[in-house]
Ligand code: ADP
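The chain below stands alone and is given in C-alpha cells; this is the form predicted alone.
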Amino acid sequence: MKNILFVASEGVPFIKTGGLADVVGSLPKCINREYYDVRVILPKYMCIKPEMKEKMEYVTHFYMDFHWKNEYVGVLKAEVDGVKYYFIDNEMFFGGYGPYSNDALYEIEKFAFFSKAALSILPLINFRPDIIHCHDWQTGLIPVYLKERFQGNEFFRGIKSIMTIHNLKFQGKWSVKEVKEITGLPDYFFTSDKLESFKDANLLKGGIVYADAITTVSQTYAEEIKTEFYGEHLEGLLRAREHDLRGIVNGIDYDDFNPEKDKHIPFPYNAINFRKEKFKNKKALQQELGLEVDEKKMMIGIVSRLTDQKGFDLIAYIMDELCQDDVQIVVLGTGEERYENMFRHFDWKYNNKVSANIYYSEELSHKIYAASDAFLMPSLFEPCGLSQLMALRYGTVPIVRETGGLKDTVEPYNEFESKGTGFSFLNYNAHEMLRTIRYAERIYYDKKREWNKIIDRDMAADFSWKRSADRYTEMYDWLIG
C-alpha cells in the first residue's frame, strides 16, 4: 500500500472558489484504493458550511513555533466518500468570511503557517506519506520545508513531493525580507536559483525548484508555460525542469454532469435519444429567458467568468456582426464591469436574440449546457478548462481557441474525413473567431447529419476523473520507483 497526501487551500465538498477545489475533491476518490491510501489536508475555514463542520471530529492540538510566536494548531478529521480529510484549525488565520482575502502579505503568512502545520501534524495523525501532492502557490513552501528543517527528522526522510500548477498567474510573491522573517528560512534559500525572483520572494517558485516532480493541468499548457508569453517570468526555470514536468488533463464528475440523470434540466436525454429529446431543453430555455421560441434556431451558450483571460474582448469586437446571423446567444456569469455591461447592452439591443444573465446559478448553467447547440470559449489562455468538458458531455459542440486544455480536449472538425468533436481557431483574433463560428453555423444549418455525428463523438468522449486518476497513478509509481 502506498500513501499519498494531498495538501491544498480548498477542496470539494468543504470549500470551493474554483476548479482547484474540484480536482482536490474528485481525484482522491478515483485513485485505486487497493494500492493507494490517499488522504487530504485542508484549512478549517470559519466560512465552511455548518453541515460540513458537523462531520468533523477533534483529533488533537499543539503549539508550533511560527513567525517568532507559538501558534495554536488544532487538528480535526472527517471522512467523505471513503476519503479521510484532516483540517488545520487556527482562528487567527482561517477565521475570515471567505477562504481568501485581498491582503497579499497576510495570505503569504497564512499559507506559510498552513504549509508548516500540514507537515508538523503527520507524526501525530500517524500517517507517513510516500508522496505529498501540493497544489498551487499556497502549498509551495511544503517541498522547501521538506528539504530544510524537516530533513533532520527520520520520519520525514525520503518523502517525495509533487507540485501541481493549476494557474501559473498566481505565485505568492512578496519582499524577501518579510518572507524570510515569516518562514524562518535562512538566507541560503533566497537566491535567484531558489525562492528569489525579480527581487521578491516567490512561494510557487520555491515549490517548483524543490519538488521532485511538477505537473500542470493539460499537456499543451505544460508546453506553453515554457515560453515567454505564458511563462509569467518562470519560463526559464520550467525549461530547466522540463524532464520533471508533465501535463495531465483534469476530469469532470460524470455523476454530477450527466444529461440522463440531471435534476436541473427539464428533459433528460442520452447519446442514443438526443436527436428526439435535446431540443426540448432548448425550447424550454427560450421560453424561460424570453427568446424567440424556435427549435431550429442555433443557440450558442457561454457560461464563464467575464474576464479578459476568457477572450471577451474578441466577443465584444464582433458581437454586432454575430447578431446579424440566425443565432441566439445565452450568457451566464459575472466578472469585469465592462463585459457585464457589454452583454446587458446587447441583450437590450437584440432582445429576442441575446439573453444576458449577469449572476451565477448552478441550475441555469446546467440548463444552458443541455439546451445550447454550441458552446463558445475563445480563451486567451486556459490551463485546462472544465466548461468545454461539460459541453462535450451534454452533446453541445464546443467552439474554442487552440490553447492549453482546450487544444488537448477538443478535436477540430474535419468535414472531409468526418472527424472531430468541435470547432477551433488558432490566432487570438476576433474575425478568425467569427469565421469559425460561421463555419459551425453552416454545418449546423446545411449538414444536419454531420452535426449530429459530431454530437455522437462528443457524447462518446471520456473526460471522467477515472481517466485522469490513471495518469496520476502512473506518475506516483514512477516517483516512488
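Take the two forms, superpose them, and find the largest set of C-alpha atoms that agree within 1.5 Å; that set is the rigid core. A quick note: this is a predicted structure, and the numbers were derived from the prediction, not measured. We number the residues from 1 along the sequence you see.
Not pictured, yet referred to below: the form predicted in complex with adenosine-5'-diphosphate (ADP).
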Should Met342 be classed as touching adenosine-5'-diphosphate (ADP) in the predicted bound form when contacts are defined as heavy atoms within 4.5 Å?
no
Any of the heavy atoms of Ile15 lying within 4.5 Å of adenosine-5'-diphosphate (ADP) in the predicted bound form?
no
State yes or no: in the predicted bound form, is some non-hydrogen atom of Ser372 no more than 4.5 angstroms from a non-hydrogen atom of adenosine-5'-diphosphate (ADP)?
no
Do Asn90 and adenosine-5'-diphosphate (ADP) share at least one heavy atom pair within 4.5 Å in the predicted bound form?
no
Heavy atoms within 4.5 Å of adenosine-5'-diphosphate (ADP) in the predicted bound form: which stretch in 348 to 356, 178 to 186, 98 to 106, 296 to 304 meets that?
296 to 304
So which of Leu195, Ile162, Ile399, Met390 reaches within 4.5 angstroms of adenosine-5'-diphosphate (ADP) in the predicted bound form, heavy atom to heavy atom?
Met390
By the heavy atom within 4.5 Å rule, which residue out of Asn270, Asn153, Gln309, Thr227 makes contact with adenosine-5'-diphosphate (ADP) in the predicted bound form?
Gln309
If you look in the predicted bound form, which residues in 374 to 388 sit within 4.5 Å of adenosine-5'-diphosphate (ADP) (heavy atoms)?
Met377, Glu382, Gly385, Leu386, Ser387
Does the C-alpha of Leu234 move 2 Å or more between the shown form and the other one once the rigid core is lined up?
no
After superposing the rigid core, is the C-alpha displacement of Asp89 2 Å or more between the shown form and the other one?
no
